[in-house]
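A single chain, nothing else alongside it, follows as C-alpha cells in the form predicted on its own.
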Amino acid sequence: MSNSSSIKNKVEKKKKQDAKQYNRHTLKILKGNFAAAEGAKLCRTGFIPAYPITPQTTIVEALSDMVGRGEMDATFINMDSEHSVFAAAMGASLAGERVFTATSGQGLFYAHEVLHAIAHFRLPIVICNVGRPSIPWNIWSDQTDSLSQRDTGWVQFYGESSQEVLDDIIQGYFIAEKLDLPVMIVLDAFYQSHTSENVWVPDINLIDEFLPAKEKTGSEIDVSNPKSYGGLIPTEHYEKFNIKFWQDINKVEDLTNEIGKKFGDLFGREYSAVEAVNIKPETKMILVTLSSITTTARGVLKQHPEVGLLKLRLFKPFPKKSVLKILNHVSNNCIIVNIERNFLGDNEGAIMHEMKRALYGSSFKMYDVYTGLGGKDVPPSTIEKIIRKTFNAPEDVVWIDFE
C-alpha cells in the first residue's frame, strides 16, 4: 500500500470514529469567529447589541445575517460605541433576556466601567473577546486586553481551538445562569478568529437538553411592578452584596469541572478548568499556557518526554485547587515556566502573578517568559528555545525571540 493510500485510510477511519463519537452533530469547517457566532445561535440568544471592531467584527456580522435570514429569534441592534453595547446588554439582561455580544482591544477597554456594573448586578451575560493589544495600535493576537480586565468580576475562559470556543459558549451560559455571573470567552486574534478548522456543531435539540431556556428569577425589570437598580447603598448593606458575590465566584472552579464532565457525557468532548499533558512524577519542567500557544507546545512536547504542559482553560477566578492537584504529582525540583502573551506594565505577566498566588508557600522554582506579543508568531522553534534557555541559562523573567 502506498503512503498516500495509508494516510487516506487513516483519515477516513478517523472520520468514522469521530462521527460515531459525535452523533447528533454536523461537521463544518469554521473560522473561530464563525464558531463563536454559531455557539450564540445554538444557545438561543435573544438580544445582541453590536459594534464592529477588528478582529471580532465577523462575529457580529454573522449574527446579524442569521437574525436577518430568520435563523435566530433575536433582536440585533447596532450601537454607537462599545460602552453603549455593554450598557444595552446590561439593560436587556436586567429585563430577563439571554444576551450575547463580542468585542476586542480598545472596545473592551472602553466598556471597563460597565463591565464592573454587569458583574456586580450579577447579570449572566456571555461575550466573546478576540484578544488584541492596545497602544502601539495593533490588531493581531495578544491577551493584554482581557487580562487587564481580570479584576472586574467576570469569569474568563481561554479557548485553544474553534471547537473549544463554540463549546465554551454553551458551557459559559450554563455557568453564568447557574451562578448569576457574567462570562467572557477569549480567543486569540487571527490564529483562532480567522483560521478555519474542523468543528463539530451540535444539533439544536442536543443543546436544549444541556442548556434549558433562561428562567426568570423575579428580579427582572417589570413595568407593572417598578424596582430601582444600582441605587446608593449604605455601608452595612454594601458588604452583604459583596460576600454573596464572593461565595458564588468561589463555586466557579468546581462547577466548571462538574459541567465539563456533564458536557463530555452528552457531547463526547470533556472539559475541565485545567488540562495536564505529560505531567508525571519524573517531569522536570512544566510549560503553563493559554489559548493557541498551547497547540504549538503540544507538538514540541513529543520530542521532550521530560517536559509537561499545564493548559489553563479557566483563568478567572484562578483555578488554584485544580493547579495544586496536578502539581501534587511532580517533584518540588520541577521547573515551572509561564508563557505570557500579555504585558501589563509590570515586571511579570498575568500568568506569573496568578501562579505565584496559587503556589504561595511552595518550593517550586518559577520563570516567566514573554513571547508572541502583538501577534508575533510563536513557532515550535520558539518553544524549543524556551525549553533550552530555562534548562541551561534560566532568568527569572526573559523575552524570547525579541529583536
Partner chain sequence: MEPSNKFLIQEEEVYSGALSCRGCGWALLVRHLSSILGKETVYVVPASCFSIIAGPYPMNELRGTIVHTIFAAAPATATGIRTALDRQGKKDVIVAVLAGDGGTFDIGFQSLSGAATRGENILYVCNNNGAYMNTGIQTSTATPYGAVTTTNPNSNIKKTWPKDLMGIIAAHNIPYAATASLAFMEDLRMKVKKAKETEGFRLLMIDGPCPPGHKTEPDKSIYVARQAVESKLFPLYEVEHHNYRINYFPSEYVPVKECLRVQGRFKHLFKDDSEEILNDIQQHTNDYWDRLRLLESHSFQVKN
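Residue numbers count along the first chain shown, from 1. In this text the structure is predicted, and so the values were computed from the model without any measurement.
Below: the form predicted in complex with its partner chain, not depicted.
Heavy atoms of residue 47 reach within 4.5 Å of its partner chain in the predicted complex, making it an interface residue.
When contacts are judged by a 4.5 Å heavy atom cut-off, residue 268 does not count as touching its partner chain in the predicted complex.
Within this chain, residue 237 lines the site of its partner chain in the predicted complex, having a heavy atom no more than 4.5 Å away. Its partner chain is not drawn, but in the predicted complex it has a heavy atom within 4.5 Å of residue 97. The stretch in contact with its partner chain in the predicted complex, judged by heavy atoms within 4.5 Å, is 219 to 227, chosen from 133 to 141, 219 to 227, 189 to 197, 253 to 261. Taken together, the three residues 78, 84 and 232 all lie with some non-hydrogen atom within 4.5 angstroms of its partner chain in the predicted complex.
Among the residues 318, 154, 121, 210, the one placing a heavy atom within 4.5 Å of its partner chain in the predicted complex is 121.
Between its partner chain and the residues 92, 179, 276, 300, the one pair within 4.5 Å by heavy atoms in the predicted complex involves 92. Contacts between stretch 58 to 74 and its partner chain, counted in the predicted complex as any heavy atom lying within 4.5 Å, involve 73, 74, listed in sequence order.
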